[in-house]
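The chain below stands alone, shown as structure tokens; this is the form predicted alone.
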Amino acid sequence: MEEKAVYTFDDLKNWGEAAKGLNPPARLSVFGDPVAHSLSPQMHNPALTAAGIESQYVRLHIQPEELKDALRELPKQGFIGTNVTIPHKAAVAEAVDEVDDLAKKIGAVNTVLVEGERLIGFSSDGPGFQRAVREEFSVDLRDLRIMILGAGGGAGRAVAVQCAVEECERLVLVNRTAEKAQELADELSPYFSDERVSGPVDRLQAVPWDMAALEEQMDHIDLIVNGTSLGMKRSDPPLLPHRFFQPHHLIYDMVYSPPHTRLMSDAVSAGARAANGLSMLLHQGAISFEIWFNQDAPLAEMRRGLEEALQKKS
């Protein structure tokens, strides 16, 4: 039987029949709705081969009303674990048996480990971002003044929590819905209540998505993070005016397709440094691998798999 591009909840319930003939057997997956676009199999399957692990990774299209039952099928069907993508991350955090501390703070899970009958939830979003920034810019989050565009939820929230946990020098949260940014700032305020000498601006701020307000921040920011989906389409408006960028700025755009967004191009033309979200995707995957197998992930093979998959898409 040939491997399907996407399996369903019905397939999962009848996994012995649906996956009959798969060699090696599929014991890892990604849950999503939709999920056909996920590059996770192209990243994880080369890693499994390189590590000599007799397993493969597949996509499972799981709808919200199927999620809890689908999770409970994983132990029954011999799965090691699963990744979770949109729109399930918050719901999975409520559905598993145990959630690690960081995932609790984020309020979302993107990696599930099966231990016997128990399901344990983790988040690799923030730690994946942390590793990506270190790889791209050779600097740690704790040494940076950081602005996150799109900090109200999803990956933007996860990154904000990671920055706070790492006690970054400064954190500015920006969101179209200003109330969400302020709520997150209130939540993260205990991480910024130490006795550090205060500078000319507050270490933690929620700022409205207003160009005048944002421009005032630019002298006091090192790293600008795009946590929105703006930049994926050529027709998208610019996130920030070109004049905002300064040579000392670092730009991390979580968008990875296209590989060079307008945000990145504008920043580079101003003398700043910029990177796309491919390294975050890679390190998120590596952390999931480490959770499942308690060993280092074969990064080179994972990176190669991702790059080849993106080349085929372009």
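Residues carry their position along the shown sequence, with the first being 1. Because the structure is predicted, anything quoted here is derived from the model rather than measured.
Keep in mind that the form predicted in complex with a small molecule is not shown, yet the notes after this line are about it.
In the predicted complex, the small molecule stays beyond 4.5 Å of every heavy atom belonging to Q182. Within 4.5 Å of some heavy atom of the small molecule in the predicted complex lies at least one heavy atom of M254. With a 4.5 Å cutoff on heavy atoms, T228 counts as touching the small molecule in the predicted complex. In the predicted complex, none of the heavy atoms of F192 sits within 4.5 Å of a heavy atom of the small molecule. In summary, among the residues A267, M280, L60, A47, the only one with a non-hydrogen atom within 4.5 Å of the small molecule in the predicted complex is M280. Exactly one listed residue, out of L102, M232, V139, A90, brings a non-hydrogen atom to within 4.5 Å of the small molecule in the predicted complex: M232. Proximity of G150, G154 and W209 to the small molecule in the predicted complex is complete: all three residues have a non-hydrogen atom within 4.5 angstroms. Exactly one of the stretches 215-223, 139-147, 154-162, 68-76 approaches the small molecule in the predicted complex with heavy atoms within 4.5 Å, and it is 154-162.
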